[in-house]
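As a starting point, one isolated chain is supplied in structure tokens, in the form predicted on its own.
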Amino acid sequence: MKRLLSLLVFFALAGSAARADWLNFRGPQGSGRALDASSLPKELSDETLAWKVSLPGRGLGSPILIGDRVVVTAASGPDQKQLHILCFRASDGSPLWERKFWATGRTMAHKKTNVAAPTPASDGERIFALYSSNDLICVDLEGNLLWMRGLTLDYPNASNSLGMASSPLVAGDTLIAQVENDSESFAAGFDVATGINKWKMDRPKAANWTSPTVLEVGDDEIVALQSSKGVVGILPDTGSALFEFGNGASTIPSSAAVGDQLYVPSGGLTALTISSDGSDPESEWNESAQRPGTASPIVLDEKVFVINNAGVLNCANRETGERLWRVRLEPPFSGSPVAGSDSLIYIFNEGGLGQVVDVSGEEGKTISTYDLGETILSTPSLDTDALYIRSDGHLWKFAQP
């Protein structure tokens, strides 16, 4: 009996360790890349659709993955004042818990977006849900409320008429959020345990829907905040600025970080190398032809990819920015591409068409398409062997049978 129990514990731990947590928008470093996801489905089809569950209201934030939990947010009601956090079992889609809250801030948003636009974040122990109403809610993995901040109560002019969409992330023991708009614009670092401000900084007064990314420079984590003015790199614990790139940047697609390199939607696409000594970033190249549309760029091995407003996937040399090839996809796109470790890119267009692109060869090739038949404005999330995507009405999982 003891041997049997030991084996059961071993396999349970092994199964848990094999999972790849995806804790914020676009996963590790905000890169869109899951380095240990090598068994993803090579096609999207009825056979690889593992499960599908209904969601209340609306939402376009991506799901996050914590062990065998999949967490998404939503907003419901005529004015989207009912805020939801929902948790499902990843293996079979069964509901684990749901928590509901009332919005304390403004719920106005453009009809294309909604109040549950930001992707939640996690540190592996807690879940942090930020909404366009500037309500910031922290629950534990069982859904118990730990703390809540109605940021509009503290910063009453922090909003815009189209709706907020920047997603938070966790670096160390700090939750970082960009609450940037054309009035009371700021970024802040919150203590993950209490929700109290660790720091707050003024930001450019302009609507901004980009999300922070994390650079790994030596042993340090540096958070990059992007805006129309450019990019500022800060220490997550104090908010102290380490570097600044002042050539301007997009306010829709976010930068992609890979180690100490940052690929910024600026003048097309600009590649920067960041050091930890506070010196200005070193610009490796700028390529005006590699201009992202809404989707954020993604880096795979020695290649960098962008999708322009015409729905063309451009592949460029990571070292030089020189275009290698391009292939036309089925647009339009609001979400961003993601990829595992086998040179397959996954992207869903606004009409719900999932597309799998093989980028391992001399030319890109779409190898699979699957129509979900629902509006999709979000970005997929990846596990070691599965892909998750949320539409307006459902959460979907695709995996090898």
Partner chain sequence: MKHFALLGLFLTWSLANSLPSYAEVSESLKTIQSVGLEGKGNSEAAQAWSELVETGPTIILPSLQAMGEASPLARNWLRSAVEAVVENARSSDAELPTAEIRQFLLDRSGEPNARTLAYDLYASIDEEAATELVPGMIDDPSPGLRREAVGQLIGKGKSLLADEKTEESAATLRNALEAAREVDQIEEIAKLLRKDLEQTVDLPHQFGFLLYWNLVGPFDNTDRAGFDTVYPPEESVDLAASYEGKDNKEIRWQDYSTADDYGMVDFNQPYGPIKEVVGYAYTEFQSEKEQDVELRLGCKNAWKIWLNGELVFGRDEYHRGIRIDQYILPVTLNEGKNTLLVKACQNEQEQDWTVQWQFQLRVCDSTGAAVYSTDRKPTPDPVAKPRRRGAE
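Worth saying up front: this structure is predicted, and the values here are computed from it rather than measured. Residue numbers count along the first chain shown, from 1.
As for the form predicted together with the partner chain, it is not shown, yet the points below apply to it.
Checking 232-240, 180-188, 304-312, 120-128 against the partner chain in the predicted complex, the stretch whose residues place heavy atoms within 4.5 Å of it is 180-188. Contact check for residue 327: every heavy atom lies farther than 4.5 Å from the partner chain in the predicted complex. In the predicted complex, the partner chain sits within 4.5 Å of a heavy atom of residue 161. In the predicted complex, residue 93 stays away from the partner chain, with no heavy atom inside 4.5 Å. The closest non-hydrogen atom of residue 146 lies within 4.5 Å of the partner chain in the predicted complex.
This chain is displayed alone, yet in the predicted complex one of 214, 207, 252, 170 has a heavy atom within 4.5 Å of the partner chain; that residue is 207.
For the candidate set 276, 82, 294, 286, a heavy atom within 4.5 Å of the partner chain in the predicted complex is found for exactly one residue, namely 82. The partner is not shown here, but in the predicted complex the stretch 79-104 reaches within 4.5 angstroms of the partner chain through a heavy atom at 79, 82, 96, 97, 98, 99, 100, 101, 102, 104.
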